[in-house]
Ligand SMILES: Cc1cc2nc3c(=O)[nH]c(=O)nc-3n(C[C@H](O)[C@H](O)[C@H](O)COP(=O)(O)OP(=O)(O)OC[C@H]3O[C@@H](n4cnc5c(N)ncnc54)[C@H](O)[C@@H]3O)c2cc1C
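Okay, here we've got a single chain as C-alpha cells, the form predicted alone, with questions on binding and movement later.
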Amino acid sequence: MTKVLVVGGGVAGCATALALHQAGIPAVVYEAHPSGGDDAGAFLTVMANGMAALEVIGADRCVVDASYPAGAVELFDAEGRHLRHRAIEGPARTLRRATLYRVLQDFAAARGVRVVHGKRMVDARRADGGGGVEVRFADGGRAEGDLLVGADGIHSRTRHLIDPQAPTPRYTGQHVVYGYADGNPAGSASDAYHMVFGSRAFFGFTAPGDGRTWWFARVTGERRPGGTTAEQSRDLALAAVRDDTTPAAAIIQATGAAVVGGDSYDIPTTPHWHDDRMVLVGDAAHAASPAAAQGASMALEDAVALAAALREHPDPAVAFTAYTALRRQQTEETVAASAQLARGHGSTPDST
C-alpha cells in the first residue's frame, strides 16, 4: 500500500493519519479549512478512552501539555442546590477544539505526515486502472491514492459517495452555545465541571486556570436553519438561565464576544461505513450529541482501530469489515446513550 488519502484535518483525520504512519502506511491529510476544522471556537473534554488512544499513537503528551485536567463533576439544580459529586474516571483533559486541531496537526507534521489546507473534496472515484481512488477538490486540484478515509465530519461528503442513500444528520432538538467569560465569578475549582439542571437549559462551566470561565448551554427549541450570530446565541443562553438561582446568568453576562453557537445534530446509525476503497471515521460515521462527552474520544479510538485493521489485513475490504465490526456496536450505543442524556438534560463534561 503506497498512500492513503485522508479528507478532513480535524481530530479524526489527524489521528488516523498518525496511526497509519505508525503502522507503516503513508497518509496525506487534506483539510478544507485554512486552520483545520469546523466549530473551532468550542471546547471539549478528551475522556480516558480518548487519552488511551492518543497514547497509542504517541500524541498524549502534547495534548496534556496543551490542556487542563478534568477531575470531577459537581451537579446542581435550578435553585443552586448541590445534588452530588461525581469523579471523572481519568485521565481526562479539557481544551479548546482549535487547540486540539493545532496540536495534532503540529504533531503530525513533526512525524512527517503531510497536512494540506484549503482542499475541500467535492468528488472521488476509482482511479484509472481500477487499483485506487482519485479525489477531486473544489479548487480543481486532484490527488490519487490507494484508499480514501473520510474524516470529513457530520456533513460528510464521503458518506454519500459510499452510499448515496446514507442518512442525513438528525436535529437533536437543542441549540448549543459555548462561551468564555472573563475571570471566575462562580469560584469554580480548576479541575471541576459544574453542571446545572436548569429550568430551561442545561448549563455547564469550568474555570481551568487561564483567567476565564469556560461555559456551555444546551437550550431546547426549534431548529435555526439560518444560523445565529454570536450575540444572538449569547442572548438565547442568557434568557434560558436568567430565572434560575445559579451563577449561570452572571457568567454569561461576564462574557463578551467570545461566543459560538449552533444547532446540535447526531447520526444514530450509518448503514454503510465503507466500500472496497473508501471508509469513514469519527463523526462521518457516528456523530453524537454533546451529552456523553465522547465525540473526540470515539474518533481517536476509530483512528487506532482502523490503522490496526489495515496493518493486519492486506485486503482493504477485509480490513474495513474488521474495523467496522469492532467499532459499530460500541459507537452506536454511545450515540443512543448520548441522545437519551440530552433528552433528559443530563450530561458528562463535554461540549463537542
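All figures in this text were calculated on a predicted structure; none of them were measured in a lab. Heads up: residue numbers just count along the shown sequence, starting at 1.
From this point on, the text means the form predicted in complex with the ligand, which you will not see here.
- In summary, among the residues 101, 107, 76, 180, the only one with a non-hydrogen atom within 4.5 Å of the ligand in the predicted bound form is 101.
- Though the partner is left out of this view, residue 311 does not reach within 4.5 Å of the ligand in the predicted bound form, counting heavy atoms only.
- Mapping the unseen interface onto this chain, residue 43 counts among the residues with a heavy atom inside 4.5 Å of the ligand in the predicted bound form.
- Under a 4.5 angstroms non-hydrogen atom cutoff, the ligand in the predicted bound form has residue 7 among its neighbouring residues.
- Remark: residue 30 counts among the residues lining the ligand in the predicted bound form, judged by a heavy atom distance of 4.5 Å or less.
- With respect to the ligand in the predicted bound form, the three residues 121, 152 and 290 uniformly fall within 4.5 angstroms at the level of their nearest heavy atom.
- You can rule out all but one of 303-311, 282-290, 54-62, 322-330: in the predicted bound form, only 282-290 has residues with a heavy atom within 4.5 Å of the ligand.
- Of the residues in 292-311, those that come within 4.5 Å of the ligand in the predicted bound form through at least one heavy atom are, in sequence order, 293, 294, 295, 296, 297, 299.
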